[in-house]
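The chain below stands alone and is given as structure tokens, in the form predicted alone.
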Amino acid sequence: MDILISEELATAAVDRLTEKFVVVRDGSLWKDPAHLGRALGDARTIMIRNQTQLTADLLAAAPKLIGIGRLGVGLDNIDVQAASRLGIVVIAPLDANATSVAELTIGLLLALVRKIPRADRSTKAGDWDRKGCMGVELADKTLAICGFGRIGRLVAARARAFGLRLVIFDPFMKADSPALLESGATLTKTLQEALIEADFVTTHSPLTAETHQMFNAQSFGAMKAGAFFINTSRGGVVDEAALLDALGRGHLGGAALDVRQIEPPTLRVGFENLDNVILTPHLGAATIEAQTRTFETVATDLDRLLSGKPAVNYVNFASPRR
């Protein structure tokens, strides 16, 4: 087996792989770790999205595996350290989704501050509730961007066009970084410093042990009264109970969540009942352009690995070490 596909993935890029390699597709495989483990034992590479959990144990039971193709930028469902120890290349299209996620972030920000979803529902219901849909301008307000990687930088470029002041929190960013200087943003030393200044907060941090629930009761308490919060990164960076409490008490002006701790959510926890909350089903990369780039990038690199060539879009190393 050259390529194992453990989720429902169907595009022209995948179809081209089937013409050249032995490809096994089982869209329900991610639901059964035992079955997945048996299938991995005979696979040279695997293509996944965000449902398949590739643990250290599963990878250890895959002696032929030389490459993992991740259709997306989040790596929290792959034990990258274990893959690296075993010499397995981890492929991810780190630039493919950035523009789409950045554009969604700005769209959610505008929808929040101008109450567009509420205005839409009200008008379609026959009301003309201009007073209830009074919003605020973005110009001359402060946006805190938490995580200043590819997506954060694109958000900053778009935010400047709206006249927003920018503050950045990113523990890996240096004060003399060209990207930071170009953005005209102020770099803060701590997350709390960024939150205290901001009228709007958006996070673009990966989910790691350090960032897990970095937005918690203390974080939301540090934000200005009436501030808005947007998450288009990973649901796990937010303590949802703390966010719901801050919204319920009226401390925050609103929130937009494209990602959740559990996807799709198995319980309605209360966000659904709040007019000042926008919920979307992980749409950050859900554009035709982003999906095309993502599949083409991963498919091309898997083709390269299986043909004995180094990958181009890799996370750890370009060629297998096993």
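This one's a predicted model, so the numbers in the text were calculated from it and none came from an experiment. One rule holds for the numbers: they count along the sequence shown, beginning at 1.
Form predicted in complex with nicotinamide-adenine-dinucleotide: not shown, discussed below.
Peer 1: Sort through 88, 214, 106, 180 and report the residue having a heavy atom within 4.5 Å of nicotinamide-adenine-dinucleotide in the model of the complex.
Peer 2: Of 88, 214, 106, 180, the residue with a heavy atom within 4.5 Å of nicotinamide-adenine-dinucleotide in the model of the complex is 214.
Peer 1: Go through 150, 251, 118, 141 and name the one with a heavy atom inside 4.5 Å of nicotinamide-adenine-dinucleotide in the model of the complex.
Peer 2: Checked against the cut-off, the match is 150.
Peer 1: Has each of 6, 37 and 92 got a heavy atom lying within 4.5 angstroms of nicotinamide-adenine-dinucleotide in the model of the complex?
Peer 2: Verified in the model of the complex; spot residues all out of contact, no.
Peer 1: Is the gap between residue 146 and nicotinamide-adenine-dinucleotide in the model of the complex 4.5 Å or less for some heavy atom pair?
Peer 2: Residue 146: contacts nicotinamide-adenine-dinucleotide in the model of the complex.
Peer 1: With heavy atoms only and a cut-off of 4.5 Å, decide whether residue 74 touches nicotinamide-adenine-dinucleotide in the model of the complex.
Peer 2: Result yes; residue 74 sits at the interface with nicotinamide-adenine-dinucleotide in the model of the complex.
Peer 1: Taking any heavy atom pair closer than or equal to 4.5 Å as contact, tell me whether residue 226 reaches nicotinamide-adenine-dinucleotide in the model of the complex.
Peer 2: No.
Peer 1: Contact with nicotinamide-adenine-dinucleotide in the model of the complex for residue 163, defined as at least one heavy atom pair within 4.5 Å: yes or no?
Peer 2: No.
Peer 1: Which one, 109-117, 78-86, 197-205, 126-134, holds residues whose non-hydrogen atoms are within 4.5 Å of nicotinamide-adenine-dinucleotide in the model of the complex?
Peer 2: Of the stretches listed, the one contacting the partner is 197-205.
Peer 1: At a 4.5 angstroms cut-off on non-hydrogen atoms, which residues of 166-194 are near nicotinamide-adenine-dinucleotide in the model of the complex? List them in order.
Peer 2: Read in sequence order, the residues that approach nicotinamide-adenine-dinucleotide (within 4.5 Å, in the model of the complex) are 169, 170, 171, 172.
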